[in-house]
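Okay, so here's just one chain, in structure tokens, the form predicted alone.
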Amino acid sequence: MKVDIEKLKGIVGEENVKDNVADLYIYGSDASVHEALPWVVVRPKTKEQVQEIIRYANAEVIPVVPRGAGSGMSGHAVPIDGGIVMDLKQMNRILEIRPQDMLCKVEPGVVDDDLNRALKPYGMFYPPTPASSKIATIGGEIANNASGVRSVKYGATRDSVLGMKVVLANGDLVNLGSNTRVEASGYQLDRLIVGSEGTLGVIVEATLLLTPLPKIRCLATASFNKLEDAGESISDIISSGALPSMLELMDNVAITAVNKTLNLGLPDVEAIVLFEADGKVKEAVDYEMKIMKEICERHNGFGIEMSYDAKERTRIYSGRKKLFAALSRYKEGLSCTSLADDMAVPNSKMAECARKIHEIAERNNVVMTAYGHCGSGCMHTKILMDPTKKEQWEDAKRAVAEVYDYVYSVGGTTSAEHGIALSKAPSWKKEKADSLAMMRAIKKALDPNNILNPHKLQDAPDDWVTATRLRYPVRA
């Protein structure tokens, strides 16, 4: 099927329509392992332009893939069926900041860090803050229900979204949610859109709940010679009633990678736990830190380093912040791939999960790391392998399946914050088998022509390795 390029230029302007091979190649991938070229890229600047594009695409039954920064790790913005990639980064206005109502209104292309810089003079912040906050857009965060290091205290994106404006598959613009923290009546349709990965509508405006900036923050690290001890510390901190604003784990693979990349001189131990408390007064923060420090020490944590100073906290946290990029430096010939990378398990299973990940990796001839926002139950992994070898993809495929079989066996879930899209869809469909028909019915009702990010989530292919081209030169 051909796209009417001239019609699209008439909607958004010639400079905002891209169909040359170089641009199509750039927009054919995200931070995942997948790649598939679109037919054309359009860059709208207004919600009215989004409506016109969607109406045209729906009439012609052309796939439309909404895209933010392209930082998704599971193939969310990869146009598996070709069609139109809709780049929303030009819709980047902060429309309103209302500190008295603890809310702001933004367009989907606003970058997370840019928003928080704008909110700082008001003494407010937007809490979800994923690791990719320097580039991640609010629209993408909502579409994937993203979260980050402070989710243990402040929750995920869904907990900070009050409402939104969404363009549906027929081009209609609908207002969902409200400007209030409570809304009791009817179906919570705004919450349905959060985490829907662009399959139900295109977010063109969001109303976000803000949080007062804490006046005091203290960050600490504790070292552990046993990974299990670190995991038990995290579990006990959560069940103790302490309220950390950050509770993170780094295993030895992660430690080795950041030391090689950043020369931080982190201790060569099995695990490091980072814990933070924040609040209005130092005494309250001191109390939380004392509880967490004592728990770490009770589980053989040592070398505890603690600081209230902003610059020192940045130094302490730098290894965790830059971990994903550093992992490909772990060992020559191995690349970091985002596959089974953000499962969640009950807090009591955190230590067991970390050890199980390493056992599965060794059994399947790959290297895996265990780290993440473990205070909120999120265990990150990355598979380090030689992506040019076909057999390594088979090894990775087995490892992914085994990891998720374990996760389900302990009552966990496929994705805590990175979404499903393509890479995790086979495992997620296994987890959600009894509700897939309901999801497909909702998709059919809202998008009968299946134009919005088709073949993702419940409709994704059952083999993620062959779902698209892989972004690696794989040898037979």
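Everything numeric here is computed off the predicted structure, so don't read it as measured data. Heads up: residue numbers just count along the shown sequence, starting at 1.
There is another form of the same protein, the form predicted in complex with a further copy of the same chain; it is not shown, and what comes next is about it.
A.B. asks: Between a further copy of the same chain and 89, 119 and 303, in the predicted bound form, does every residue show a non-hydrogen atom at 4.5 Å or closer?
C.D. replies: The answer is no: none of the three residues contacts the partner (heavy atom, 4.5 Å cut-off).
A.B. asks: Could you tell me if residue 428 has a non-hydrogen atom within 4.5 Å of a further copy of the same chain in the predicted bound form?
C.D. replies: Within the cut-off, so yes.
A.B. asks: Does a further copy of the same chain come within 4.5 Å of any heavy atom of residue 46 in the predicted bound form?
C.D. replies: Output for residue 46 is no: heavy atoms all beyond 4.5 Å of a further copy of the same chain.
A.B. asks: Considering only heavy atoms, tell me if residue 348 and a further copy of the same chain come within 4.5 Å of each other in the predicted bound form.
C.D. replies: Flag for residue 348 set to yes.
A.B. asks: So in the predicted bound form, does residue 432 come within 4.5 Å of a further copy of the same chain, heavy atom to heavy atom?
C.D. replies: Answer yes; at least one heavy atom of residue 432 falls within 4.5 Å of a further copy of the same chain in the predicted bound form.
A.B. asks: Work out which of 399, 200, 353, 274 lies within 4.5 Å of a further copy of the same chain in the predicted bound form, going by heavy atoms.
C.D. replies: It is 200.
A.B. asks: By the heavy atom within 4.5 Å rule, which residue out of 363, 390, 315, 98 makes contact with a further copy of the same chain in the predicted bound form?
C.D. replies: That would be 98.
A.B. asks: Tell me which stretch of 107-115, 317-325, 147-155, 253-261 has a heavy atom within 4.5 angstroms of a further copy of the same chain in the predicted bound form.
C.D. replies: Heavy atoms within 4.5 Å of a further copy of the same chain in the predicted bound form occur in 147-155.
A.B. asks: Does anything in 64-95 come within 4.5 Å of a further copy of the same chain in the predicted bound form by heavy atoms, and if so which residues, in order?
C.D. replies: Sequence-ordered list is empty.
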